[in-house]
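A single chain, nothing else alongside it, follows as C-alpha cells in the form predicted alone.
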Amino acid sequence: METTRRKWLTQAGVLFLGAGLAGLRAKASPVIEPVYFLPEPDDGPIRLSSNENPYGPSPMARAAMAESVSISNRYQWQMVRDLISAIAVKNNVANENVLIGAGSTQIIDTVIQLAALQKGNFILAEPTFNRWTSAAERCGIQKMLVQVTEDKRHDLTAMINAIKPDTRMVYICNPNNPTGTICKYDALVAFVKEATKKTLVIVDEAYLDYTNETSLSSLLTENVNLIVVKTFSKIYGLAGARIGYALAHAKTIERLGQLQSGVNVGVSAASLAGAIASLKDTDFVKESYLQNEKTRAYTIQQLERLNIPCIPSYTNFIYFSLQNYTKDFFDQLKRNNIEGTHIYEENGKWSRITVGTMQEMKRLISAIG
C-alpha cells in the first residue's frame, strides 16, 4: 500500500507540473522539483495531537507553494480573488459570501469581535473546540457551557433552551472536536433556523470533508445570522500554512470585513498558492479520505481489543475512554516518543488521538499494548 501511495503522489505531482500554474512562475525562476511524498519516520517522534493530515500538503500544493516564493515580494491581489472565486464555486455560493483569513481560528476571532460589539454571553458545548473562548471572554462576553449527551453528541435542545436575550453567539463544531460525533443534518438545520432568529450561530465544519454529510452553506444566502467556518488545515494538509475561510450572507461578510485592518489580506502568497492548488487536487483529497477511513477503522478495532472503548468517529481522530485501561496511557506514549493529548472529561477518562498513517498507528498500538 505504501508503494501504491507513493506512486499515486508522484503521478499527481508530475501531472500538475506539466500543466503549470498560470501567471505564477517568474520567467527567470528555475523549476523546483517538489517532494512527492512525505517519508514516514521509523523511530522519530509521532505527532498524534493536533488532527493534522499526515499525507499533506498535496503534490500540487507543494509545487505551487514552491513556485510562489519568487513572487512573494508583491501583494497577490489577483490570487486572493482567484481563491475566493474557487471557494465560492466549491461551496455553490457567490464571491460576496466568502471571507478568507489566516486559519479558521482567525476567522472565529473576527466573529468574536462582531459578537462582542454588545456585551452578553456565548454558548458552546462541553467538550468542544474551545481555544478561542479565552479571547472571547477578554472581549467582554461570558461563556455558557452545555454538556454533550451521554453518547457525546451536541445537545441541541439544551443549547436552544440556553439562549437568553443577551446571547450574542452560539458555536457548533460539526463534526465535533474532540468527540468526533456529528449532528444529524435535519436536526442541525432546524436548530440553526430557530437559533438564528435570536443570535449569531457559527457552524465550524473543519472536519466535514472527512464525511459524506451536507454542509450548511446552502442556508446562508437567506440567513444573515449563520456563519459557516471552514479550513484548509485538515484534509487539505495545510495546517502550517494557516488558511481558512467564512461563508456567510453578503451583509454579514461585509460586517466581518469591517473588523479587519485589510479585508482578505492576512494570507501569504505561498498559502494562497497552496490553497488554490489544493482545491484542484481532488485525487489527493480522495486518497486522504480513503487512507483515513481504513486507518481509523484499524485503530478503533485495536483500541477496543485493548479494552479502550471508542466513540464512532466522523473525523481524522478518535475519542476513547481510558476508564478500564490498566496501564499509564500517557506514560506509555512518552516512553515511545508519541505525542498525544490529555483527559478531556474526568468522568470516564475520555481522551483523543489523531489518526496518522497506518505505520504510525501500528506504533501507537504496539506502545500501549
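Just so it is clear, the structure is predicted and the values come from calculations on it, not from any experiment. Just count from 1 along the sequence shown to find any residue number.
Not pictured, yet referred to below: the form predicted in complex with a small molecule.
Checking 80-88, 96-104, 253-261, 295-303 against the small molecule in the model of the complex, the stretch whose residues place heavy atoms within 4.5 Å of it is 96-104.
Residue contact with the small molecule in the model of the complex: C173 places a heavy atom within 4.5 Å of it. Taking the partner from elsewhere, R168 is found to have every heavy atom lying beyond 4.5 Å of the small molecule in the model of the complex. Proximity of F191 to the small molecule in the model of the complex: non-hydrogen atoms within 4.5 Å are absent; the residue sits far from the partner. Put simply, S288 is far from the small molecule in the model of the complex: not one heavy atom of it is within 4.5 Å.
For the candidate set T110, N177, N225, S215, a heavy atom within 4.5 Å of the small molecule in the model of the complex is found for exactly one residue, namely N177. Put simply, of K119, R74, R131, R138 only one has a heavy atom within 4.5 Å of the small molecule in the model of the complex, and it is R131.
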